[in-house]
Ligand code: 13P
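Okay, so here's just one chain, in structure tokens, the form predicted alone.
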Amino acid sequence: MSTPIVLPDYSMPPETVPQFHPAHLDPMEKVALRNEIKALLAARDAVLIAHYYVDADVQDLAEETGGFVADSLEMARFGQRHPAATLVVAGVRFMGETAKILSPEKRVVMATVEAECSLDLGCPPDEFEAFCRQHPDRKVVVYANTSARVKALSDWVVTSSVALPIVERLHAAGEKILWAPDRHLGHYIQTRTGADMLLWSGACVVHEEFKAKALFDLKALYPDAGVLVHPESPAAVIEIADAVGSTSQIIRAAGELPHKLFIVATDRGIFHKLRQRNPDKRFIEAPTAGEGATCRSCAHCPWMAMNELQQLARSLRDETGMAANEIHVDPEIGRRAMVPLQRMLDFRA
């Protein structure tokens, strides 16, 4: 197994992470907005596709209107096969870009184009391209949480649900790998597969905050609790887990494992679907407090939090709002990025 090369730390410093506080809405305001958005979606031949991490009201609205709630891989697949002329993506920018790459003939609108991703921002395309040129003998495997330009530089795009088997396949074929951008997910895969991997040094502002010592202390209070962990978390946190996986894999594990209580180390937006699917079970957040804690996100992505009902309605009310939040991808970049994306979609473990 190779040792990761030393790179500058591309994690986002605390002062660069936005502090977003969704507006408080009373029940009547929520009903009015939901009804308005339903009418707007129908009028614009649009379908709403939401990630598990966004607001519960937005998730429910997607499902009530014939849309979809899923992880980033299944969001991409759903948008590609749905007949709607417009895809409305409630998530972060890279998800909107992926939808546009896979469906270039469709209009793709975000609830807000201001919703970024720390992993995407932490992998600047020009710097990443220079890194790739330094290692031409390696297959370039990038996480879906990257820009269209970075995807266009890659041989494979992966999500957390398929990253492990894809790297296993490449390793078995004797390939050496250049991985970006999440160093924790990369280290987890490298440890599990033994693959020769060079790791870009990025991290998610949510998952990097989970603290192993505080998690051990919480586990001591709830010794019968199962621990569910996303592999973007630090290695010491992953070691405590009863199940490690993507958002969809975490939801599945919660239903399959016998525990009645779970400690969950991923964005707390997932709790809505966990509770819906498992009404007889309890879920508590893994701690982000403890020695060295910064609590830049407190277990909720500040960009995912921007996907609120008010912003969603504003993005659909008129052409000005739609144009301001529309996703555009250069056709040549999209064509090149489509190749590794389609490899992922076609992959069967």
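Numbers for residues come from their place in the sequence shown, where the first is 1. Note that the structure is a prediction, hence the values are computed from the model and not measured.
Just so you know, the form predicted in complex with ligand 13P exists too; it's not on screen, but the next bit is about it.
Ser154, heavy atom within 4.5 angstroms of ligand 13P in the predicted bound form | Output for Ser154 is no: heavy atoms all beyond 4.5 Å of ligand 13P.
Please run the contact check for Asp71 against ligand 13P in the predicted bound form: heavy atoms, 4.5 angstroms, yes or no?
-> Heavy-atom contact with ligand 13P at 4.5 Å: present for Asp71.
Looking in the predicted bound form, any heavy atom of Tyr188 within 4.5 Å of ligand 13P?
-> Output for Tyr188 is no: heavy atoms all beyond 4.5 Å of ligand 13P.
Non-hydrogen atom contact Ser160 with ligand 13P in the predicted bound form at 4.5 angstroms = Looking in the predicted bound form, residue contacts with ligand 13P include Ser160, since a heavy atom lies within 4.5 Å.
Listed range touching ligand 13P, judged in the predicted bound form by heavy atoms within 4.5 Å, from 220 to 228, 97 to 105, 243 to 251, 77 to 85 | Among the listed stretches, the partner-contacting one is 243 to 251.
For the stretch 197 to 213, which residues lie within 4.5 Å of ligand 13P in the predicted bound form by non-hydrogen atom distance?
-> Contacts from 197 to 213: just His207.
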